[in-house]
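Listed next as structure tokens is one chain, alone, in the form predicted on its own.
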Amino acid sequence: MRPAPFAYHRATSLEHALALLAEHGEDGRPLAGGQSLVAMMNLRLARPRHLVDINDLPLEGIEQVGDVIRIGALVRHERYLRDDLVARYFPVIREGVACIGHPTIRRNGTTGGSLSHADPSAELPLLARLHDATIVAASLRGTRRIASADFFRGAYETALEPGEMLTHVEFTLPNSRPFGAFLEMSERRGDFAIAAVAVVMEEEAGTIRKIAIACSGASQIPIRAPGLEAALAGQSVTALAVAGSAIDAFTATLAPPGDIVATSDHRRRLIAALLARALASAGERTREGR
């Protein structure tokens, strides 16, 4: 398959990129790793008339700024797997990123591309929701900070406006060492996930002080599980291994989409099974201190 005709622009600075995107509006799209956008263009599911290549922009850093870790839009997925800050403060992100596609996709795919593409089955949007990340977007109008809860609006739909591009994502540092787990199920390793779940928690003297739980496959966007989180917060970490009734109460509220890969009921049962395993794993890791 071949893409529809388009014009290629190589941005030399952030200001240049924003000017090009402003000039071309809804017909312009930023291009970085191209792992999702180019594939959709080849299938003619996306037909931008102007591509703005942003690979020369200084958006490749992972740095601590105050109480957050700021990750640039051009940070490739594989960078997460060898970054000390991510390993120390966000082990679940590292675990989830390791599940992304294949080595070529992890080598070329970017943070900004994955979040902006908003694939319902993608790992980074789920991890952003898990950690209540803040999306930073820029345009000629200025900089805008968007909570991840407001950023994802539907399958392949975000709060980004024409002329605007994602420049960074920020993750707030935990108050203490976090523990957690990431699990997903797909037909084959590297395929799009049928469903995925992620858990991250902080504990104190064997008690769950703070816990976040998120899943994909339950909706067109990654979602949190506030009722399940509330049921487990303040409990002993041993409660994570016997959270069956709380998991059932949460999954009973879900209406996952059904398709040729999995029915709605299959996805609901799969999410329940993955949650049980992820919570048990998080509890075990907490007790073992790893």
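From 1 onward, residues are counted along the sequence shown. As the structure is a prediction and not an experimental result, all values here were calculated from the model.
Quick note: we don't show the form predicted together with a small molecule, though the next part is all about it.
Trainee: In the predicted bound form, does each of 35, 73 and 100 have a heavy atom within 4.5 Å of the small molecule?
Mentor: Yes, all three are in contact.
Trainee: Quick one: find which of 215-223, 194-202, 169-177, 115-123 has residues within 4.5 Å of the small molecule in the predicted bound form by heavy atom distance.
Mentor: Single hit among the candidates: 115-123.
Trainee: Just one of 183, 208, 92, 165 has a heavy atom within 4.5 Å of the small molecule in the predicted bound form. Which one?
Mentor: Exactly one listed residue reaches within 4.5 Å, namely 165.
Trainee: Within 4.5 Å, heavy atoms only: does residue 160 come near the small molecule in the predicted bound form?
Mentor: Yes, residue 160 lies within 4.5 Å of the small molecule in the predicted bound form.
Trainee: Could you tell me if residue 79 has a non-hydrogen atom within 4.5 Å of the small molecule in the predicted bound form?
Mentor: Because no heavy atom of residue 79 falls inside 4.5 Å of the small molecule in the predicted bound form, the answer is no.
Trainee: So, in the predicted bound form, is residue 148 in contact with the small molecule at a 4.5 angstroms heavy atom limit?
Mentor: Residue 148: no, not in contact with the small molecule in the predicted bound form.
Trainee: Does any part of residue 31 reach within 4.5 Å of the small molecule in the predicted bound form? Heavy atoms only, please.
Mentor: Result yes; residue 31 sits at the interface with the small molecule in the predicted bound form.
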